[in-house]
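First, one chain by itself in structure tokens, the form predicted alone.
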Amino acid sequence: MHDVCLVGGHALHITHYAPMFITLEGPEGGGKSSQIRLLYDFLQAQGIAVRLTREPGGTSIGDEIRACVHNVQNTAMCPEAELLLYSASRAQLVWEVIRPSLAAGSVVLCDRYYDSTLAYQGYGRGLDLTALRQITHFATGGLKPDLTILLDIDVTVGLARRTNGGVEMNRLDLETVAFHQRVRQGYHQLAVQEPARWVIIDAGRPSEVVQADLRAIVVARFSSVPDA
């Protein structure tokens, strides 16, 4: 594909693209859902075949699991059950949506993926990271993102955004600030461990600035993929 797009007043050239699996991650209130939708619209406008999905959910089975695991009434849910529910939703999503879309030549954008489990259930809940990685590998068949973008934001700012934004609060939103601090620190640890896969964006800035960075990062990654 050959096209030109403008981001922040500068021309960005999409000379070609290949099937690519891109995930957005980050603490609560970083704007992942709105930013990934804007990125999806942008790529579609460039004529790129792109599939947008989310975790947990993205399938009818996954959406049922999402309703259960996010229900604020389910206060008795233990961390191990929480982990396995997220993993079940993920397994269905990979099998039903992500792998078929990649095989069909699409770019896949996913709002959260297994790094959320490592950050929330691993660093946040304190579950064993080795066990989490083994369960994740089983659930995904070893499917890793090609690019993961961390929308990073101060925990108190992010939680205030969630509270004041009129969005429905889920069970994890209501955890302590200390829990969310551990999650954010976990994300940074994950990024350090795989610097070639991760890019960190300051999500505390205006939405249009964050989106411009997202577009530039994705276009640059397309440009780095050799022609088929």
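Values in this document were obtained by computation on a predicted structure and should not be read as measured data. Quick note: we count residues from 1 along the sequence shown, nothing fancier.
One more form of this protein exists, namely the form predicted in complex with thymidine-5'-phosphate (TMP); it is left out here, but the text below deals with it.
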| item | value |
| --- | --- |
| R161: touches thymidine-5'-phosphate (TMP) in the predicted complex, heavy atom cutoff 4.5 angstroms | no |
| 4.5 Å heavy atom contact, R184 and thymidine-5'-phosphate (TMP) in the predicted complex | no |
| In the predicted complex, S116 touching thymidine-5'-phosphate (TMP) (heavy atom, 4.5 Å) | yes |
| In the predicted complex, P56 touching thymidine-5'-phosphate (TMP) (heavy atom, 4.5 Å) | yes |
| Segment assignment from 71-79, 118-126, 147-155, 99-107: heavy atom within 4.5 Å of thymidine-5'-phosphate (TMP) in the predicted complex | 118-126 |
| Q44, Q189, N170, S34 - the one with a heavy atom within 4.5 Å of thymidine-5'-phosphate (TMP) in the predicted complex | N170 |
| Residues in 77-112 close to thymidine-5'-phosphate (TMP) in the predicted complex, defined by a heavy atom within 4.5 Å, in order | Y86, R90, R112 |
